[in-house]
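Next up: just one chain, as structure tokens, the form predicted alone.
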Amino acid sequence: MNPRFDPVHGLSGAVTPPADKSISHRAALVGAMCDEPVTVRNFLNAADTRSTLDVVLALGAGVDEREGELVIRGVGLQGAFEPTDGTLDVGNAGTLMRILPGWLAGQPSGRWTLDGDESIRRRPVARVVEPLRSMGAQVEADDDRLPPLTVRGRRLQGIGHTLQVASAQVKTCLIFAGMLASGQTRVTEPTPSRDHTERMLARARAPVERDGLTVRVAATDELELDEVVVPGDPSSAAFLVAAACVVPGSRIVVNDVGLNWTRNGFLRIAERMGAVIVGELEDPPPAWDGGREASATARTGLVPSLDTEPAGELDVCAAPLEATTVVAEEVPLAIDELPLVALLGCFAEGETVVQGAAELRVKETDRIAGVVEGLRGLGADIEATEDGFAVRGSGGLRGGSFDARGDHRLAMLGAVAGLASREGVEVQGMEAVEISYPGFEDDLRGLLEG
């Protein structure tokens, strides 16, 4: 039986979101690349990150699970094992599918085939295949663009590569490969994307540095990383924040959430729409203004902090909302939370538009279609565009049935929409939340009793 989320008259209390999924993936892989044990505290225990741990084990690393932490005993940068059948199952983890090939491509030898579920086989990998081949990698994909993806270890040569679309996953893949390539590897982004990889590798004493929108990395023999403390996931927390924004009379506190400036794009968009969000968000560099006005020349001054990941508390209250336009340069820093911008737009005065978000069409599902059809079925005045959507605020949502399409983000969107609707929402496929936020329903319902 599908769960139903009925309208409520206010959320209150405190909640701690699950550990950050992006950082958990990277901590497991970088830990596997180290020669000495790495302790990871607050690792996310969800389907996607369990896939990463399974792959790390298949590559020869050891994983000791203790209460509240993992100890990863790595194989070194060039010690990845070749599984007996050569196959690595990434499950539904798109991040793993795109960043792992960079490490495997530079191994002295070996052959690995990365495969996963039906959803993974629809998610394109051409943006990692092409630059890896330019480095001398031997990489094969179905029709050169879709999984399964087969990688054979070879000697690599550093390159300079400019990303056409900002992507932390593609950037990370090439940084991993660059640590195993001769010469220097340079990756230039059109706009900033998540910088968790650079921060973690800097702490691991890797020769990685950033100059404006270009990341440079040179060959290295070993990584040294004692521990990683994973903060709460801002993408997961965003659904709780959005609920407090659209349910009248709400005030909640979100504890121990990551405040990295490359992850708080949604919070800044919500604030622009009138949401009341109080917290010590990490400030972006002065040259970056969210992509709305600064020139490309000005943005060459971008130099992110390479300290530990910032984390803290958010205090969120319901407030009247106004429409906004999200431009293409803002998209990479809010990519996973853009469905929530559509939801806020349903309750905002005016027309809210998201542009330059074609990447949403190749997530776990076509999220543009999923958001538009799902919210329209609940009474929203919303339409899809080629690279985004436009929603006209109509004072709220009627309610009804919402199909998550097997997508964890859409499942959470449907649940939050139900709490703010007039008649409630039944969510089909709510089990998809196990991918990133297994305790979501419990946390959300806990705020009804706060």
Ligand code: S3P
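Owing to the predicted nature of the structure, the values given are computational and were not obtained by experimental measurement. Residue numbers here begin at 1 and follow the sequence given.
Separately, the form predicted in complex with the ligand exists; it is not shown, and the next lines address it.
- Put simply, of D115, D256, E359, E222 only one has a heavy atom within 4.5 Å of the ligand in the model of the complex, and it is E359.
- Though the ligand is absent from this view, in the model of the complex it lies within 4.5 Å of a heavy atom of just one residue from I335, L281, A319, V353, which is I335.
- Although the partner is absent from the chain shown here, none of R272, T325 and V391 has a heavy atom within 4.5 Å of the ligand in the model of the complex.
- The shortest heavy atom separation between R154 and the ligand in the model of the complex exceeds 4.5 Å.
- Contact annotation for R203: none of its heavy atoms lies within 4.5 Å of the ligand in the model of the complex.
- A residue is said to contact a partner when one of its heavy atoms sits within 4.5 Å of a partner heavy atom; N92 fails this definition for the ligand in the model of the complex, lying far away.
- Although the partner is absent here, A168 is a contact residue: one of its heavy atoms lies within 4.5 angstroms of the ligand in the model of the complex.
- The candidate stretches are 131 to 139, 223 to 231, 95 to 103, 373 to 381, and the one lying within 4.5 Å of the ligand in the model of the complex by heavy atoms is 95 to 103.
- Looking at 114 to 140, the one residue that comes within 4.5 Å of the ligand in the model of the complex, counting any heavy atom, is R127.
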